[in-house]
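Read the single chain below, which is given as structure tokens and is the form predicted alone.
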Amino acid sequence: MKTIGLTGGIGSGKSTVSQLLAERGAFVIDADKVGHEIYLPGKEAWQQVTAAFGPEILAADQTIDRKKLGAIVFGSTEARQRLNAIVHPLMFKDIAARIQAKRATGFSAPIVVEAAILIEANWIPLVDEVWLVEASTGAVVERVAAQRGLATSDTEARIASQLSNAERRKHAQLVIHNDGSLADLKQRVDRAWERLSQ
């Protein structure tokens, strides 16, 4: 059965789509959670990131303080690239191992890798198909304001800093539009799911 890479920008609704796919029987691997786990003390990413950015990024309990690290990498393209060069390949390896381990149990339903940076991090080789969840800027701004309380200008700045939907579409085998209601989205996900079992 297929492994799907599910991607999309801020506020597009990809977490909702991955939840709907899980309800239909898919096994979901959330790249954000993988990212948090590989930062745990003693792990390879922890060692490399601490070596690259110094012990001042550590909290008192020796975990990586993401706020301190964030302050360094968001202020510098060079630092962000250095961090990504360490973390993205390690996450690729971790996600690949999770896919393999799940398949080894005899699981034959779709596996979904939910990752906002699927394309930018060069993780496409992990999956058989890329599904893009996209929404109009207006819908995204409204959604993010309701969910996270972000101002329109902040949301627009985040959208601008991400890969554009036009660029993402070049890599996607399926685009799920999410400008309407949850009921509309469920219907689109149902159609996408049916396509998998054909």
Ligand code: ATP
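Quick note: we count residues from 1 along the sequence shown, nothing fancier. Quantities reported herein were computed from a predicted structural model and do not represent experimental measurements.
As for the form predicted in complex with adenosine-5'-triphosphate, it is not shown, yet the points below apply to it.
Contact annotation for residue 168: none of its heavy atoms lies within 4.5 Å of adenosine-5'-triphosphate in the predicted bound form. At the 4.5 Å threshold, heavy atoms of residue 161 stay clear of adenosine-5'-triphosphate in the predicted bound form, well away from it. For the chain shown alone, residue 21 is not a contact residue for adenosine-5'-triphosphate in the predicted bound form, no non-hydrogen atom being within 4.5 angstroms. Taking the partner from elsewhere, residue 175 is found to have every heavy atom lying beyond 4.5 Å of adenosine-5'-triphosphate in the predicted bound form. Just one of 62, 47, 153, 147 comes within 4.5 Å of adenosine-5'-triphosphate in the predicted bound form, counting any heavy atom, and that one is 147.
Each of 10, 15 and 180 places at least one heavy atom within 4.5 Å of adenosine-5'-triphosphate in the predicted bound form.
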